[in-house]
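Two separate entries follow, structure 1 and structure 2, each one form of the same protein chain as structure tokens.
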Structure 1
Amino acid sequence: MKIGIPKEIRAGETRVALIPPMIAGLIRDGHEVLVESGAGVGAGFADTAYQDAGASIIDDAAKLYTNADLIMKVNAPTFNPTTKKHEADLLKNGTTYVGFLMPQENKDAVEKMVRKKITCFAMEFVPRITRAQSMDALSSMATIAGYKAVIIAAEKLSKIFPLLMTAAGSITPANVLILGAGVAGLQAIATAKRLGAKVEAFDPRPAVKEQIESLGASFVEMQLPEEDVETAGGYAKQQSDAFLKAEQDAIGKRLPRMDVVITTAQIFGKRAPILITRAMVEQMQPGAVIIDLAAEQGGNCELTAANEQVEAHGVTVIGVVNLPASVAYHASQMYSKNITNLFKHLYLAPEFILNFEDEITNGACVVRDGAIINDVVKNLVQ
């Protein structure tokens, strides 16, 4: 199979779908790898590194798409303002796309894929099951985002994180609150602890308390209405207004002594819950920093604007977007491993035939030969 790796065109994107060390294994399995010139430069991989690994460099995106049987990307196919072409229009009829799709924001890409009878595997639909852990790019990217959110907070804060006993007196540790302790939240806790902060965290899923405490943070106990908070698959369920109001009250009591708040709360496929209102921000100390990782899902703070830094009442609220692109080398390394593992699972050697009876293959497939087979995406597009 000819696997094509285009250069990402999303503004600010530096990641690449496949890094050179992953290529040898694909070639050993009999595949050919075509890489658009400059695709890896943002992540630190020159064309020569790809050539040395056995890939062919193609100087033009259109030529790459025409020659590939399968495209591996990071971001969903999108309109390229420079060439005035949509990436989905470049896909050859009947070929395969593997990468993030974010169908809510990319309905046009899905429609074009349907018309071109594409088979599309979306990284965000890889089921979060044990067998698929090595293919879970959402978790990889959330890990990086959780780490980087803390680094940004530390940079913005006019205080240091650790306790210091110096000849010039004692410095107390920074108080950090993490809301939502899924993948990003747990990594944020671990990173803030490593920097020496005093960390508190909350998540409505009962199992998470132990994970928070195992990282050395305190779990914030809250008096909340009894509610079924978890799906059978272990995801958070959308909470009632009464639940969120009680949670806001409990968070509000702690905010005045917090230096940093990192919010990561999300309900899969829904708008992020508002956990911090404008009035609650007003109660915070000047100089405090809120990093909102859920900015692209509407934000966990009422003042969040995606990709912007808002100053209000002396508090800085940062709606971070695409943090993995700011750590392009390791983000690409992790993504590359995830997408290669998925590819090898989908096209199992030596037959290389898709098996839709398999939970991972079927779960990750959004469009099969032009037919939308994922109900979430079907509802979005139709």
Structure 2
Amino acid sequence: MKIGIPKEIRAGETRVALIPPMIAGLIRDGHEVLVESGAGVGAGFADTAYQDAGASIIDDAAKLYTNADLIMKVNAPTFNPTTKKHEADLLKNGTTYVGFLMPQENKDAVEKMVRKKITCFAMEFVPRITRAQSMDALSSMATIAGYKAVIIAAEKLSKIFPLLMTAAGSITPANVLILGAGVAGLQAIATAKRLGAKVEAFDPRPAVKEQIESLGASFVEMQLPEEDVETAGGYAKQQSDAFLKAEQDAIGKRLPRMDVVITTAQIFGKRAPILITRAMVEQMQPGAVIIDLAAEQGGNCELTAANEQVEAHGVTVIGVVNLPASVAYHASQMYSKNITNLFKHLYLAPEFILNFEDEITNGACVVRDGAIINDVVKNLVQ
């Protein structure tokens, strides 16, 4: 099979879907790897590194898409303002796509794949089950985002994070509040603790208390309305107004003494919940920093603007976007391992026959035989 690796065209994107060290294994399995020239440069991987690993360098995207049987990408196919063509239009009829899809934002790409009978596997739909952990790109990228969010906060804050005993007196540690204890939140907790901050964390799921405390943070308790807070697949569920108000009350009590707040709450396919209102920001101390990891989904703070830094009432609110691209080398390394593991799982059978009876194969597949087979995507694009 000929596997194509295009250069990502999303503005600000520096990651690449496959790094050179992963190529040798694919070639041993009988595959051929085609890489668009410059695809890995943003992540620190030159064309020569791909050639040395056994890949062929293709000088333009159209030629790569024409020759590939399967395309591996990071971002969903999108319109290229330079070539004036949509990447989905470059896919050959009946070929296979593996990568993130984000269907709620890329309905046109999904529709084009349906018309061209592309077999599409979306990384965000890999089931959250034990045997699929090595393919879980969402968790990999969330790990990067949680780490980087703390680094940005430390740079923006006019204080230092750790306790220091100096000849000029003692410096107290920064107070950090993490909202959400998923993968990004737990990594943010761990990073803030490593930097010496005093960390508290909030999550509506009582079950994560032990994980939070195991990292050295304090768990913020709240009075829980009787509602399910996550789906069977491990994603957060949209909550009632009463539940959201209870969350805001628990968070609001702690905001006035916080130096840094990092928000990570997202609901798949829906707008992120507002956990910090404008009135709550007004109660925070001047110089405080909010890093909103849910900015692309509308933000957890009412004042958040995606990819912008907002100053309000002396508080800095930063709506970060695509943080993994700011740590491109390791983000690409992790993603490359995830997508390669998924690919090898999909094509375990002889002659590259896909087994749609398998939970991972069927769960990750969005488009097949000219139809959307994923119920979540059907609801999003209709």
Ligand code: NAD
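For clarity, a rigid core is taken as the largest C-alpha set superposing within 1.5 Å between two forms. This one's a predicted model, so the numbers in the text were calculated from it and none came from an experiment. Start at 1 and count along the sequence of structure 1; that gives the residue numbers used here.
As for origin, structure 1 is the form predicted in complex with the ligand and structure 2 is not. For V281, the Cα coordinates differ by under 2 angstroms between the two structures after the core has been superposed.
G269: CA moves 2 Å or more between the two structures after rigid-core fitting.
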